[in-house]
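Only one chain is included here, represented as structure tokens and corresponding to the form predicted on its own.
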Amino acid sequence: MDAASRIEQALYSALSKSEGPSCPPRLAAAMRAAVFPKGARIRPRVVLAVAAACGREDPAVTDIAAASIELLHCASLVHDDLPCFDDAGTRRGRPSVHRQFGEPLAVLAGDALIVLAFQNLARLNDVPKRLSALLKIIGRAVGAPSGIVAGQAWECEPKINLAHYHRAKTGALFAGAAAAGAAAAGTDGEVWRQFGEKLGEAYQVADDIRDAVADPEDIGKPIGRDLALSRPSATREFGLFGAVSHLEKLVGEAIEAIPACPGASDLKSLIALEVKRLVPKELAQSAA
């Protein structure tokens, strides 16, 4: 089974355990709307790619870890789209969860997905050492002082350090995904953290660039939100072409940070190709 199919199957399995006669139907529907249709699934793909690169992958463990990472990401998008933050009307080409179900259910659906991510991890109780490692890694990626919650909270501060903001808002979950992939394979996750952080920063810069110049129909969400909300972004700090150069620098640093492992060469090639598609070709050529 390919990586995409594994991820979708793991997500369906996790969500099915949160549904049933006792669950309010609209809450269940809101949770599903937050997770499906699928996005790029980049973070769970990082989990699978790192586990494979480590050479000792256990698919049963890796797939659960990957699904939990994606559930947390989807929860963050539900909350990020709320009127109190981005007030985004669309996500992945469809109405955002709060536009479909109302703000109260959107808040509850996001909260429920966060809890579900850890309930899903608890299924690994037969491999306690890996479960313990994954709980620490993923918990750190989500909460305070420097997880994605902190990343969102930086937007509420009067003065923001862009690097700290990007590392928390996006880099933290990428770092968690990389470390979780290694931990799921039974190896040291901490040595993968720098790779994940740099990769996450690169993806956030790419997202800033798309917010400035992309076609909303192509990316499935509104653009221009950073400027409208006076939010820090790489394009505002470095200019458009400077942001592209900064993205390329971060990608290079991420590739250099890949630890020695059996699949290092293949992973480096995969990351280089994956990030290139995030920047419009014409813009990348102009920057070069």
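For every residue, the number given is its place in the sequence shown, counted from 1. Because the structure is predicted, anything quoted here is derived from the model rather than measured.
What comes next is about the form predicted together with another copy of the chain, which does not appear here.
Let me know the one among Ile114, Ala212, Ala206, Ala185 whose heavy atoms come within 4.5 Å of another copy of the chain in the predicted bound form, would you? Looking at the other structure, the residue within range turns out to be Ile114.
Just to be sure I understand the contacts: of Ala60, Leu240, Leu27, Ile42, which is the one whose heavy atoms reach within 4.5 angstroms of another copy of the chain in the predicted bound form? So the residue touching another copy of the chain in the predicted bound form, by this definition, is Leu27.
Interface stretch in the predicted bound form with another copy of the chain - options 138-146, 175-183, 195-203, 87-95, non-hydrogen atom within 4.5 Å: That would be 138-146.
Quick check on Arg99: any heavy atom within 4.5 Å of another copy of the chain in the predicted bound form? Taking the distances in the predicted bound form, the answer for Arg99 is no, it never comes within 4.5 Å of another copy of the chain.
Close approach of Ser18 to another copy of the chain in the predicted bound form, 4.5 Å, heavy atom: Flag for Ser18 set to yes.
Answer yes if any heavy atom of Glu103 is within 4.5 Å of a heavy atom of another copy of the chain in the predicted bound form; otherwise answer no. Answer yes; at least one heavy atom of Glu103 falls within 4.5 Å of another copy of the chain in the predicted bound form.
Taking heavy atoms and a 4.5 Å cut-off, does Cys23 contact another copy of the chain in the predicted bound form? Because a heavy atom of Cys23 falls inside 4.5 Å of another copy of the chain in the predicted bound form, the answer is yes.
Does anything in 183-211 come within 4.5 Å of another copy of the chain in the predicted bound form by heavy atoms, and if so which residues, in order? Contacts from 183-211: none.
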